[in-house]
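In the block that follows, a single chain appears as structure tokens, in the form predicted on its own.
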Amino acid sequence: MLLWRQFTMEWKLYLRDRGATFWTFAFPVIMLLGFGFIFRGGTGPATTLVWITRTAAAPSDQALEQALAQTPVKVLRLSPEEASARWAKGETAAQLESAPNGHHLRVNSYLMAQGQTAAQIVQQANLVAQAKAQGLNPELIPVSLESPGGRVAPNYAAFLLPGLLGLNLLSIGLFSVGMVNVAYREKGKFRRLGVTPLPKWIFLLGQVLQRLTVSLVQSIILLATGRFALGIHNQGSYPEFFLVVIIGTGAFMAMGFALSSLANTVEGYGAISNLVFFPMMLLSGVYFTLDAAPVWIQKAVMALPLSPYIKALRGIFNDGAHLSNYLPGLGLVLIWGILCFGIAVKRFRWT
């Protein structure tokens, strides 16, 4: 069968490229294991507060220290000289110093996320200490760490895995499909194929099926790694999860085909694809959420296909949600895929 021969040939060509094989299968696993083991105990690194130690402690120091002991902040006591050296190196996110009228808190503007978190906790602990000094006994509201679906999030890897999977499906579409087709055209391989009896649809469908199996194998490897190495597993339906994987693979491959029709050289395609890839990688919630970003940015990125796609993957994987809960977002992904496929078919050329 001609299609089967084309499919097997695509696999042989793919496996010959060790770099592509590594970035497709090994690199996502390394990223997942790396972040998974680093942040295994929670969703992020511990917040550290540098407290400058002085010979004459202020009366309020002991009360504040006791209040901070009940928080997740890690207090690091240093001398003024050590604290100054650490601050100069940019290693301190937040620094606390006793002052005659209380305390002074210093936040590193280069480490705003960590520094502001530490500052808020210190302010809260200071209010608790002041309340206790006045004979009150304030109680903090209990906090539980859960996903939107009510599941208890085991670690950051559970959040990261669907994001990595979505990002790698986008990479397959833009680089394993788009870049390869531009290279074929630039080197004259398309021109030679154009004069053979090989039908155009056989050639294109062979690529589609091969990349589809790559995405499925990659998904299985990531799921197995998360399950056996990090103790995380799919909370939802496996058929629905893999259906979403197939939808994303098709949409992102169509995007790769469409972008490849806009470039004549590999260098030109590299600029175009990176212009599309990096904004989606940074703004679509792969590694972190955008809840601290302006509202207009949060709404704007939802128009990009990767953001609603990762939200659907994460909802099924982490929350056990049903596919029907994410139909609007997946509908947007399908619209992107259909539009890109139409552009690819209209602009496809052998030369």
Partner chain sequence: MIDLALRVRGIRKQYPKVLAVAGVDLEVRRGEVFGLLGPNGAGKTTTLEMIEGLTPADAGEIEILGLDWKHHGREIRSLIGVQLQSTSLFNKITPREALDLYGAYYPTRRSAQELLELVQLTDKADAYHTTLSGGQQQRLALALALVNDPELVFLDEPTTGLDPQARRSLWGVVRGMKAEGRTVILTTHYMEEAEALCDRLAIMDHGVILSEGSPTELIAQLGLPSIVELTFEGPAPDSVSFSAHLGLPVDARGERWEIPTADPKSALPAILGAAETCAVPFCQIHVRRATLEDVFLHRTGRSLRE
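For the two forms, the rigid core is made up of the largest set of C-alpha atoms that agree within 1.5 Å on superposition. Numbering follows the first chain given and starts at 1. If you're wondering where the values come from, they're calculated on a predicted model, not measured in any experiment.
What comes next is about the form predicted in complex with the partner chain, which is not displayed.
Contact check for residue 13: a non-hydrogen atom falls within 4.5 Å of the partner chain in the predicted bound form.
Using a 4.5 angstroms threshold between heavy atoms, residue 187 counts as touching the partner chain in the predicted bound form. Though the partner is left out of this view, residue 197 does reach within 4.5 Å of the partner chain in the predicted bound form, counting heavy atoms only.
Although the partner is absent here, residue 191 sits close enough that one of its heavy atoms falls within 4.5 Å of the partner chain in the predicted bound form. Residue heavy atoms within 4.5 Å of the partner chain in the predicted bound form occur in exactly one stretch of 94-102, 223-231, 273-281, 198-206, and that stretch is 198-206.
For the marked spot (295, 299 and 301), a heavy atom within 4.5 Å of the partner chain in the predicted bound form is absent from each of the three residues. After superposition on the rigid core, displacement of the C-alpha of residue 105 between this form and the one not shown stays below 2 Å. A displacement of less than 2 angstroms separates the C-alpha positions of residue 247 between this form and the one not shown, with the rigid core held in common. Superposition of the core reveals a Cα shift of 2 Å or more for residue 181 between this form and the one not shown.
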